[in-house]
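Let us start with two forms of the same protein chain, each given on its own as structure tokens and named structure 1 and structure 2.
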Structure 1
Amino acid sequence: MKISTKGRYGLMLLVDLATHEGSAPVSLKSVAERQSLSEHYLEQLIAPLRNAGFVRSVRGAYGGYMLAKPKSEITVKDVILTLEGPLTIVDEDVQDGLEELWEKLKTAILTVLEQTTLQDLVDMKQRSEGGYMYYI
């Protein structure tokens, strides 16, 4: 299983919003500059994140994006499944006698993702010296 740039950058975007949350919305341009990401790519990611209820937009000259709910209520699992779709360990049609192993592995991964929130990622970022974690 490999999480694509959609999942990784989506998490980076949300962690940045969570880290810089306050009274003012955060522009995608400022996130792109801080994270060295393409603003155009972030624009493609923000729509599914908004539709899933993770962020809300604020219009106007000082507009941008804010988290729509507390960072402690947004799980990594929800974000990854929103951006990546269903988690697969092996192709569904694989019949190798190890289906039970693959299902246990999938369950373990989903459990870790479910138990990890944006708040946890913000805390990890603050503890790390190198900035954002680019992998989970």
Structure 2
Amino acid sequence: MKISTKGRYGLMLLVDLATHEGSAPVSLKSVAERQSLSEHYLEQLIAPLRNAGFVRSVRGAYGGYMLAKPKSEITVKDVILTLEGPLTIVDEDVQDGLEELWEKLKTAILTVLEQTTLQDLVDMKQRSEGGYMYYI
């Protein structure tokens, strides 16, 4: 019962983009360095996110990625479902008489995922980094 690194790294990637948002696009290389992730692997993760319209890319030298929507309008659910496919607690069309339980679980999980936006994650991460940066 795990979130795969696909979903997790994908969120880290988007949070990083959201954090370093500015006029210029952000290169995957810089994200990979900051987050200590493999650039090649991030390339694979961002492809579906681009296709789904969460980020847009700028090719060529000095290119990179930027969020295509406000960070408060991208939910964790969007990202996880895009990267990991539909949430199947148990395989489709099993008939074990416990469908009601699986349905409850699914709802509970999706509720959390859909109540949390990228904006929330940015805030969350800043809090978790603790400490005040004001006087630096």
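Quick caveat: nothing in here was measured; it's all calculated off a predicted structure. Each residue is numbered by where it sits in the sequence of structure 1, with counting from 1. The term rigid core refers to the most C-alpha atoms you can superpose between the two forms while keeping them within 1.5 Å.
In this pair, the copy labelled structure 1 belongs to the form predicted on its own. Once the cores line up, the CA of residue 99 ends up 2 angstroms or more apart between the two structures.
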